[in-house]
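Given as structure tokens, the chain that follows is alone and in the form predicted on its own.
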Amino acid sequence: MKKATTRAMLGVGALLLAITTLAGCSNGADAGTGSGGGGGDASKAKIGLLLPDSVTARYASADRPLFTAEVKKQCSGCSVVYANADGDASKQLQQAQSMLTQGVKVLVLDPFDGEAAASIVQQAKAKKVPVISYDRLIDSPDLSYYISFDNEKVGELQGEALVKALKAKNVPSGSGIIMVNGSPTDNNATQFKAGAHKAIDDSGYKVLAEYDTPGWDPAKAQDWAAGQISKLGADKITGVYAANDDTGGGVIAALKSAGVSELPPVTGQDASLAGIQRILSGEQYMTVYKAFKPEASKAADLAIQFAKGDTPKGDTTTKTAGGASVQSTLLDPVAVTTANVQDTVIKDELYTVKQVCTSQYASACSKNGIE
């Protein structure tokens, strides 16, 4: 009886071992399907999308849904694994490592910190997973592709618009402006600032103070601006260069809290819904519209190509901070004021008229011909 029981137990054990071995092979095949270097079924690929922060409105409202929709349009069996770093480079590294463990075939990475993210690229390379640097450039020679906009041109558009607005108001030469730049960890912010200075430095207007906003945090921009208003006097600030709509909104809030009724011209970027509404109501002078749909669509298209094992070539190349050349697509930014809201963000269906022209902004929309 004992021998029979022992034989039965051995038989069950052998069966369990066989099942476990088969399951292990199956799991390994699934991981191989998602690990970028060749092999696997590209029609069922996992594609990782890593975005940098939650304070920038465009990521949740535009980039993520547009990218995901285009991936599904091109590859119905593919899936997007998504994570947002919430302004934390260490968290983004952990998110990337998790995606690599899950077996993504491609990483589309918008870095919170362009230098720190180089370690993500290095780890992805070790697993033969291509990395597309999305919107912000990563300082790594191992990038597979970079898609963004001409970022120095963005800054030039902002600076030129600010100077034009000041001159239109007959603000005298020598008057002061403050500059609220983007995050010091974002390579794009450096380029925006360089482009803006090209337009501002020779304009005859004086930069009274300048601030690099950690993590693009609007609250920090607002706090800094409030300090400058107290220090300089609101009447001395005749113009505001703000690197994006969210930091611009922070400065506008500081000015309004200080009792400023006639706001100076304030720039922006990203064509956020709140930014567009502020432009129509006269609180913000301009924004820069970077057409997220073609950017996200192109990134999705590239990701599918890489998942298939292709190596797409760019329209141009871009130099990283370390001097490496990366295949690139750089799209054209567009300055938006009240004059062309209808012909840009409304025409491109970034927002509907109903979304823009809520009851609070109905009269402003009517005044500016938004219909």
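The first residue of the sequence shown is number 1, and the count goes up from there. Owing to the predicted nature of the structure, the values given are computational and were not obtained by experimental measurement.
From this point on, the text means the form predicted in complex with a small molecule, which you will not see here.
In the predicted complex, residue 290 approaches the small molecule with a heavy atom inside 4.5 Å. Contact check for residue 53: a heavy atom falls within 4.5 Å of the small molecule in the predicted complex. Although the partner is absent here, residue 213 is not a contact residue: none of its heavy atoms lies within 4.5 angstroms of the small molecule in the predicted complex.
The small molecule is not shown here, but in the predicted complex it comes within 4.5 Å of a heavy atom of residue 58.
Only one segment in the set 221-229, 203-211, 83-91, 263-271 has any non-hydrogen atom within 4.5 angstroms of the small molecule in the predicted complex, and it is 263-271. The partner is absent here, but in the predicted complex a heavy atom of 188, alone among 140, 284, 188, 133, sits within 4.5 Å of the small molecule.
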